[in-house]
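Below sits a lone chain in structure tokens, taken as the form predicted alone.
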């Protein structure tokens, strides 16, 4: 076990000893966990308890992570195994796809449905029924997954476009043709728009009713992660030297002028997570800076973390009150937003 270190009001830090690939909060938001590059997961309580370590992918790398709605964690590894880790730390294999890295994972907002990419196929698990359905094959390896806000549609990105699967009628997907390698799909909060990144420094925004596509091209770097503001008016992405908010749906009617703030002169954004309860987003940069961005006044506040190594992952709790941060040098941090704001 590893003890927490207090960095300031509402901020705790742990040393995990391995690269944190992904972060997730438990279904009741009482714990956070990190998928580690050495095959373990680290679990900590939001009250600052010592970190506990479990090894669902011993000898490999833990590459994806989600909370199980009944407690515990689901993780995918480069060993092709999907593993359930109970709250007590007992590891049980759920499914195995030999020869595939289970790196791409998405969970529905209620946590009841989990999707995992295995090459050109997507495996969808109904966690309440314990059933699994295969979707695909797709045109190429699946590079990104996202559930619609209501959970009935699954978007899978790949070479040549996006496949939209109706989970109630999974016979054939709706195919949206978008040339090149697409990644990082993200539905708007109302489910009317789908945005996805593109390998060639671009973003596509799709109006799902009209199928009209708007392309944001010429971005400074590959937009590996996308996030929507709580009100759905703005789309953000990684790869920038500031927090950049593109207006949607105004981008379909005129040349969009983004709102950019909190400029970082020396580093690009490497991780991004929007809060789904309050108009805040967290932005992590390559120099270790983590900003708490307020999306109504377009202002940002740096968290008091030690700089130096890139931010690898960010995640808000379901209740929106806690933020999990992972850094490439093996550190993990927790922000208690309520405590930070109450104590100034």
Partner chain sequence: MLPIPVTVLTGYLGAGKTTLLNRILTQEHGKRYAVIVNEFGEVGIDNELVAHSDEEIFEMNNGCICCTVRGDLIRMVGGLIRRKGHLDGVIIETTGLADPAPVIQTFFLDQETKERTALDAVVAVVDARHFQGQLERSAEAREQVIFADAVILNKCDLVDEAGLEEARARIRELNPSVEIIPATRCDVPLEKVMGRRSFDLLRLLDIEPELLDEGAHEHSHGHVQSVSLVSDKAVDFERFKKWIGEFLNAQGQNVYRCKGILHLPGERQRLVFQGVHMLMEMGFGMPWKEGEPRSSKAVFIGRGLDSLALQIAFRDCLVTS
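Positions refer to the first chain, counted from 1. Source: prediction; values computed, not measured.
One more form of this protein exists, namely the form predicted in complex with its partner chain; it is left out here, but the text below deals with it.
Participant: Although the partner isn't part of this model, could you tell me whether residue 213 comes within 4.5 Å of its partner chain in the predicted bound form, counting any heavy atom of the residue?
Facilitator: No, residue 213 stays farther than 4.5 Å from its partner chain in the predicted bound form.
Participant: Taking 4.5 angstroms as the cut-off for heavy atoms, does residue 167 touch its partner chain in the predicted bound form?
Facilitator: Residue 167: no contact with its partner chain in the predicted bound form.
Participant: With the partner left out here, check for me: in the predicted bound form, does some heavy atom of residue 126 sit within 4.5 Å of its partner chain?
Facilitator: No - in the predicted bound form, heavy atoms of residue 126 and its partner chain never come within 4.5 Å of each other.
Participant: Under a 4.5 Å heavy atom criterion, is residue 21 part of the interface with its partner chain in the predicted bound form?
Facilitator: Although its partner chain is absent here, residue 21 would touch it in the predicted bound form, with heavy atoms inside 4.5 Å.
Participant: Heavy atoms within 4.5 Å of its partner chain in the predicted bound form: which of the stretches 195 to 203, 85 to 93, 244 to 252, 257 to 265 has them?
Facilitator: Single hit among the candidates: 195 to 203.
Participant: Please determine whether each residue of 78, 103 and 120 possesses a non-hydrogen atom within 4.5 angstroms of its partner chain in the predicted bound form.
Facilitator: Answer is yes for this spot.
Participant: Quick one: from 140, 191, 136, 152, grab the residue that has a heavy atom within 4.5 Å of its partner chain in the predicted bound form.
Facilitator: Going through each option in turn, the one that passes is 140.
Participant: Just to be sure I understand the contacts: of 180, 232, 112, 71, which is the one whose heavy atoms reach within 4.5 angstroms of its partner chain in the predicted bound form?
Facilitator: Answer to the contact question: 180.
Participant: What residues of 311 to 338, in sequence order, lie within 4.5 Å of its partner chain in the predicted bound form by heavy atom?
Facilitator: 328, 329 sit within 4.5 Å of the partner.
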